[in-house]
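In the block that follows, a single chain appears as structure tokens, in the form predicted on its own.
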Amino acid sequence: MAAVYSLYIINKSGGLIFYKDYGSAGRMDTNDSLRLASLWHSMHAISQQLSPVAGCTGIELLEADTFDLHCFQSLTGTKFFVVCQPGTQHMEILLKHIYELYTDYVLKNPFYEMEMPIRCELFDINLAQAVQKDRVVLLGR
């Protein structure tokens, strides 16, 4: 069983620009993934406003019985979130690595238009390697 179930990247406006499923039991169709991304964007924004602590950046971890949702927001407002097995450690490191891949292979791609869906083969290849490497480390293989 995979440690990472799925990965989402949301632009600063709340639009889903990348989704990758890594074999979770309940595969979602495109509309469901778009709704989930929009809902997460809204919950993240509301949590910033409701926080009693000044300077709150929003929800970073949502724990449920059957999954954990880890979120990383870049300075530009782009959100990266991973749905993974409960109790999975070091997801913030994986998310920051995914952000580095995003900056290296997507933002530096002269054919990529900001805020649009990500269609970049080098990003896909390096992302698959990063997630696979993370699985190997987490499962101790």
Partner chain sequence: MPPIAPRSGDAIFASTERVNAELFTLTYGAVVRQLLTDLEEVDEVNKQLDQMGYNIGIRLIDEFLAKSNVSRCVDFKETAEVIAKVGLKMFLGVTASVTNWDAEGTTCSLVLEDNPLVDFVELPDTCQGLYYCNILSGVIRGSLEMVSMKTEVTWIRDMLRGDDAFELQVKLLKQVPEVYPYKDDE
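Positions refer to the first chain, counted from 1. Values in this document were obtained by computation on a predicted structure and should not be read as measured data.
There is also a form predicted in complex with its partner chain; it is not shown, and the following applies to it.
- Proximity to its partner chain in the predicted bound form holds for all of 57, 76 and 99, with the criterion being a heavy atom within 4.5 Å.
- For the options 39, 116, 107, 93, the one in contact with its partner chain in the predicted bound form, meaning a heavy atom within 4.5 Å, is 107.
- Distance criterion of 4.5 Å from any heavy atom to its partner chain in the predicted bound form singles out 49 from the list 49, 89, 66, 30.
- Although the partner is absent here, residue 12 sits close enough that one of its heavy atoms falls within 4.5 Å of its partner chain in the predicted bound form.
- Contact check for residue 62: every heavy atom lies farther than 4.5 Å from its partner chain in the predicted bound form.
- Contact between residue 34 and its partner chain in the predicted bound form is not found at the 4.5 Å heavy atom cutoff.
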